[in-house]
Structure formats: structure tokens, C-alpha cells
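Starting off, we have a lone chain in the form predicted on its own, written out as C-alpha cells.
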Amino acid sequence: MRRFADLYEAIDQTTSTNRKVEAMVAWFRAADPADAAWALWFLTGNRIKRLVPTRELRSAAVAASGYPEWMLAESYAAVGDLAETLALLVDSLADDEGDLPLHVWMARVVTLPTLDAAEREAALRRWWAALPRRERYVFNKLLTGAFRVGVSHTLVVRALAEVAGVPAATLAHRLMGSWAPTAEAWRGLLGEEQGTEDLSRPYPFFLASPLEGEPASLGDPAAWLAEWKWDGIRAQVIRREGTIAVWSRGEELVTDRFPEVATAAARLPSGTVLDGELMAWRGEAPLPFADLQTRIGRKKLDKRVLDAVPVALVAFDVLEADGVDLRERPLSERRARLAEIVAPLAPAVRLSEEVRAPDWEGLATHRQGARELGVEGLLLKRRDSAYGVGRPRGPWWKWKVAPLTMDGVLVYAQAGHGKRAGLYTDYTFAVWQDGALLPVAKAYSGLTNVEIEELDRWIRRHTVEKFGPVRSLEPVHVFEIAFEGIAPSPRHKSGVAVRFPRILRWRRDKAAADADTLASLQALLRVQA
């Protein structure tokens, strides 16, 4: 655990990507395989399921430290990180049993569900006492599922490829799908392929970069394929030797959540992998993403749910056919093959439409009407592009429509977490309805550090009322809020829910009375319908 804390610290204390990679390479080369497997599992974004309820963690810390509950609450409000707060509160404990390996600690942790509440509390107290503060902090991060450190998946793959001496693309593929953090898995990741591959394993996803300039800078439009940018769940559908798997971009196996797609996939030739977007779809048109969300949230998919929100895979690439990896073939060749493969699978699997126009101006016209079609804009892909890994700039671009916007009044604020603990950075915004302000959106990104500090000082001086960690504020400041979509929502008092809200700018030129109304937001619903 001490060595893993060393790695965490080495990564956390530098902004240099090269130094982060160097730290991981040195650590992995010296690590025991069982420890290396767990470290890699966490660094690539995996989390252990919350094994101890938060209330039990807090109760155990209060009992172990002797501090009252209110002290923990005040400390957490100041620190903004539960793992760090708990590590500090129990600092008086001391029963160091020596530095045990990471995999030994994880073997202990996974036994927690087999214990009753009293046994879990006793175990936590023993473990906290056995770890120095720094290691206890990292341990708490793992325990709570809040472990995050400043490395991307790409950097981890880069480091691992250097350790293994194999291409990064090969390592990225080996890391896809489900794998257990064991010494055997570690050796398999670094070793030569043995021909015992997981038949359900997806390929690393290839992603488009945002197009920030004008599309004319890309050259001849005939060299580019334009498709709609669908608003759904990116997925790969796999059919190999009787195995059928549907993987989301987040590497979650979702086959049982989309039975109509899985049923259609059973008709694919063996050795086929499709890439596309899972969409709520009825007839010849997509349904709003909010409809897809209602389906995702269902634990049981009975006929009523399946009929209410039918789903289709809008396929835009084929990565494997007849067991042959096609990713290095040009997109034009892959798309022709894709059209042949998916033709018999409609309506559950359908070919993504090519958006045709004689020039960039014509494509811009199509893009302007994207939102009315229920899409986010256009994807531009070089017809000669291979299917890569990650998000390299150049071959694929996403040319999204401008976001929807509203002017909202700041009405509530709450302190942030982690590095923003102690500053009020989580904001709630409202619009007018019948002379009263009605909350409609929360946002915490978009302001500069200077603006955050200025607003924090104002919030402290103009709080009307406190509700636990939340402050009710004088309705003075107006902010322009951007969002990607809006949908009806019976769960919200306003009756609407906005998607991906963020702050565009502080409208110091506007008074609260000039903010938008609920009616203006409801009008956007009609535009999208």
C-alpha cells in the first residue's frame, strides 16, 4: 500500500504527462503482478462497488475518533473530500502492522459484504489504525469508489505498452471489456496472445474531435463523409462463435438491456463487430434521449416497456467481418461492407444515413436543421480514414449545432468538493413563472477562477437562508446558461429538464427581471418536437 500511495502521489504532484508516464512505467516494472493488476484496474477507471454505506463509514469514524457527528460534518464541509476527512479524523489511531501489499488489502476489502454492520465497523477501525495517514487516505479513496488521479486512459496504455514492449493499440484492445484484477490477468495483458481471447471483447472506440473552425479548412468536401451526430449511447455489437455482446463506450456490457438489438445481432455472420449508436427509435425517426433514459432506468424490461420505447442500433462502421479485423481498411470500404451486412437486420439495426451536399455551404444548411431532426449536428469523417484508437485530431470531426441557451437567476449555492472545497461553486438557476422564480438547472462549470472567487465573496455576504450546506441567495445575478437539449420531466417542479447545463457568461448587463421565463423554455420543447 505504501508503494501504491507513492505512485498516487507521484502522479498527483506533476502536470507533466511524460513524468506521469515515467512514474507508472517505473512502478509497474517493480511491482508484484498481483499488485500491478489492481493498480492498473484502478488507474483505468474501474471502481469497486460501494461495499460500506456512507453512513456506516461516518459512524465508524466518529466511534474511532471520539469526535461528535457535528465535527465530522463541519470538517467534511471544510475539506470537501470524504476520504480525506475520514483519514484525518482517525489520525490518533496507531497500530501499524507493517506495509502490506495492495492486493492483500483488496482481498480484505472485498470481504466486507459478508460481515454484519458491527463487524464492518470493527474491521474499518483495525484497518485505519494499521495505515499511516497518507496510505489511509488512498485506502479510503479505494474503499469509497472515489479513487481518481490525474491520468487519462491513454497515458496508462502508453505506460503499459512501454512496460510490455508491444504497440499501444494492442494494449488498448487487450484492456477492453471485462477483466479481473489478478496476477494471471496481468501476465496475460503483458504476454503474447495465446489464442484464448475473450470472444465478447470489443475494440477500443474511435472518437471525433470538436470542429472549432470553419469546415472549409478541411479541404475538398468530396473527401469527407458526412453523417448525422446521433444523440444516443455509443456501442459496439459483437457476434463471434455464438457469443453475442453489446458494449457501451463506458465498457459496460449492456446486452440484456437491449434485447431487440441482441436478437438482431444473432443473425449477423460469425466474426462481426459493428460500431454505432443505440437510439430510442420509432418508425423512421429517433425519439428524444429522455425517452431512452426512461428505458435505461428500468430494472425489468417487460413487453409494455419495450413497446413504449423501442430501441435500434444506428450502425456507422464495421470493425470486423468474417473474423477479419477491418480497422486499417479505408472508411469507404468499411462502409460499403457495412451496408451489405446490416441490410437484412432492419428495423433493429439500421445504416446511418449519409448526409449529402455539393459543398460545405450545403452541409451547413443541413446542420442548421439538425435539432429539429433530433440530432446534435454532423460528423465529418475522411473517406480514406482507418478506424483508430481514442481521439486523434484530423480524421474525424464533430460539427455540432450551437447549444440552446437561457438567462437564469442565481438562487442557490453550495460549496464544491476536492480542490474547490471551501468555495461556493455549485449553483442553481431559476426562471420566472407567474412573478416567482422557479429553479430549472444546476451548473458548476464555465466561470474563471477570478469570477468564482468574486462570486464566492458575494454569496457569503448576501445569503438569505441556509438549508444545511445550501445557501439561498438574494435573486440579483443573471447568468447565460448553455445546454444541449430540453425534455419534459415530471420529476422536476418546473416540468422540464435541461441536458448538460454549463455557464456561458455572467450577464452583468442584465437585471434579474430580464431573465427568461418558463414559457420561453417550454417553447424550446415545441421546437425540438
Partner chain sequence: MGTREPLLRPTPAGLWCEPGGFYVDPWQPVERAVLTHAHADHARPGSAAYLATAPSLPILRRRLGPDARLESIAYGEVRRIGDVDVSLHPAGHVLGSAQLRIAHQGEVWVVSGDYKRAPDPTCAAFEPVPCDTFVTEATFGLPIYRWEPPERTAAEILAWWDTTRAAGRPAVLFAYALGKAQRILAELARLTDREVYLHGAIAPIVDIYREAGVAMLPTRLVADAPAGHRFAGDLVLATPGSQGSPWMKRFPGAETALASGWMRVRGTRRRHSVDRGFVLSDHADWPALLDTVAASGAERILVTHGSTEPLVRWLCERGLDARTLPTAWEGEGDVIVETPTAGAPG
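Numbering follows the first chain given and starts at 1. Treat the numbers as computed from the prediction; the structure is a model and nothing was measured.
Form predicted in complex with its partner chain: not shown, discussed below.
Taking a 4.5 Å heavy atom cutoff to its partner chain in the predicted complex, the contact residue among 163, 176, 149, 364 is 149.
A single residue from the set 455, 312, 89, 225 has any heavy atom within 4.5 angstroms of its partner chain in the predicted complex; that residue is 89. With the partner left out here, its partner chain still marks one of 63-71, 48-56, 29-37, 492-500 in the predicted complex; by a 4.5 Å heavy atom cut-off that stretch is 63-71. Relative to its partner chain in the predicted complex, residues 14, 75 and 133 are all within 4.5 Å by at least one heavy atom. Its partner chain in the predicted complex is approached by residue 19, whose closest heavy atom lies within 4.5 angstroms of it. Not displayed here, its partner chain is approached by residue 421 to within 4.5 Å at the level of heavy atoms in the predicted complex. Residue contact with its partner chain in the predicted complex: residue 4 places no heavy atom within 4.5 Å of it. Under a 4.5 angstroms non-hydrogen atom cutoff, its partner chain in the predicted complex has residue 84 among its neighbouring residues.
Contacts of stretch 241-263 with its partner chain in the predicted complex, defined by any heavy atom lying within 4.5 Å, are made by none of its residues.
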